[in-house]
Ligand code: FRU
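Shown next as structure tokens: one chain only, the form predicted alone.
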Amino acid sequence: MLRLAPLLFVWICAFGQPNAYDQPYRPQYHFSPRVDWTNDPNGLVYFDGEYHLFYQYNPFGDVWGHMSWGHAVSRDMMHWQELPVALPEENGIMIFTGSTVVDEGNTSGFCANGKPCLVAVYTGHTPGAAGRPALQTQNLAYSNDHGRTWTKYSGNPVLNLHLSDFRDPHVFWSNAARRWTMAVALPDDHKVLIYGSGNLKTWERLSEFGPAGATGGQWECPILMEIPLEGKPRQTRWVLKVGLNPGGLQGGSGEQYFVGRFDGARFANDNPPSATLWTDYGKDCYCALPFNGMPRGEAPVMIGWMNNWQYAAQVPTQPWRGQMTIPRRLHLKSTTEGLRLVQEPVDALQRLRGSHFAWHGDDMAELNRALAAVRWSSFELRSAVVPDGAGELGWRLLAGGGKSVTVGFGAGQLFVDRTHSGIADFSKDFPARTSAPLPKGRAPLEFTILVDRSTVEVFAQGGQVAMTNLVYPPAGAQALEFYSVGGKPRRIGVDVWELKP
């Protein structure tokens, strides 16, 4: 204890400094660890009034390595308290991605004093050595004190196929089958295996899904979740989401999803196997995970890692690398092509709103004169525009020093252009213009844009299209401008709120 006390004192003092979260590119309303590296969110779970965010974490540096589970808790999914490492690398076994469940009925036998407990199901990764390949297995740990301390199960591993690539279990309770269900990836085979268990310790293989959709890289981070239909909360379909790296739509990491039905043992895809549906059309949303244990009647909420394996180790942030997306509430919308995923920022974001700018009219010059007074680097922008024949229109964000990020619409496509956004030369794969087909119809163009110093998240047409991209603008780049090319919009409406840290 005498050796640890000085370190603890330094940690508390550093964390308590007013500028500890005020570095130039530090997001103010997205989660990022105080120091060091993070990637995939892990084990998201709601339990006894707290949202738990675990995440892949290297406690010893700002690049990938020594994978452990970092831990943070929140009462509203917006204000996070970072806690000590929950599951550390130990005995040469790294703690890879997984999930956490609330064992209400003590099916595992881990729970004490007749109360529910938390059980983490994670991939243990043993690196290869001379004459021995790497090994990935599924393992358990449990907590009886609201996730503050954890015990690794002495009977680990609970699932071992003796493979080097077998990872990322997503576990949930299946009401249809009255048992635990696990979806876990065989990355090189482009398959998701589905297992069942009555006690989380003994697993029976039930079925497999794939290959299907995009298969240009390894399949990772599978998620199987039940999602309500828009306007019909009692009607649901199942979505199987799968990470892909490399081979994402915009290069590097990306995620696809399949819509279908799950009978407690098998997932059946509603669409042809060749159909590919993307969860996010930007370059920087990967391995998104929903919260287990959400209150009854609430729609699923998902958080992703905001980065891309093409350049994650080179992004110009310090003393941390890696951050999470805004929590996104999910539902399915019926379209002419079938059911499609809709993502919207959680309502709790609105409680961070501060200063407000509002404008409605059709005179762009007047709008931009008024916008000259708006200079924020962390804000929420909501706009509705009636194009009336304009060839291209949109918003220039974080502008200054000849640099800006453009969020626009033209030729039926939503796009985000960060090629001239600021620092972009740390990787050849970073400068990019990402785009997505935008379902417009007769409605106005609707954008919700979340900007947070180094992040731009766009939700278009009520969340039917999501696009997430990192940016690194020059110091003081806070100007905001509306533009139109090849025509004049008939009506422009915009609300901008500064968002508090």
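The model shown is predicted, which means the values in this text are computed figures rather than measured ones. Heads up: residue numbers just count along the shown sequence, starting at 1.
Just so it is clear, the following notes concern the form predicted in complex with the named molecule, a form of the same protein that is not shown.
Contact check for Cys287: a heavy atom falls within 4.5 Å of the named molecule in the predicted complex. The named molecule is not drawn, but in the predicted complex it has no heavy atom within 4.5 Å of His170.
Interface residue remark: Cys221 is counted as part of the site for the named molecule in the predicted complex, having a heavy atom within 4.5 Å. The shortest heavy atom separation between Val45 and the named molecule in the predicted complex exceeds 4.5 Å.
Looking at the named molecule in the predicted complex, residues Asp40, Gln56 and Met67 each place a heavy atom within 4.5 Å of it. Here the chain stands alone, but in the predicted complex its contact with the named molecule, taken as any heavy atom within 4.5 Å, falls in 59 to 67 among 59 to 67, 25 to 33, 447 to 455, 462 to 470. Site annotation in the predicted complex: the residue of Phe96, Trp359, Trp203, Trp238 reaching within 4.5 Å of the named molecule with a heavy atom is Phe96.
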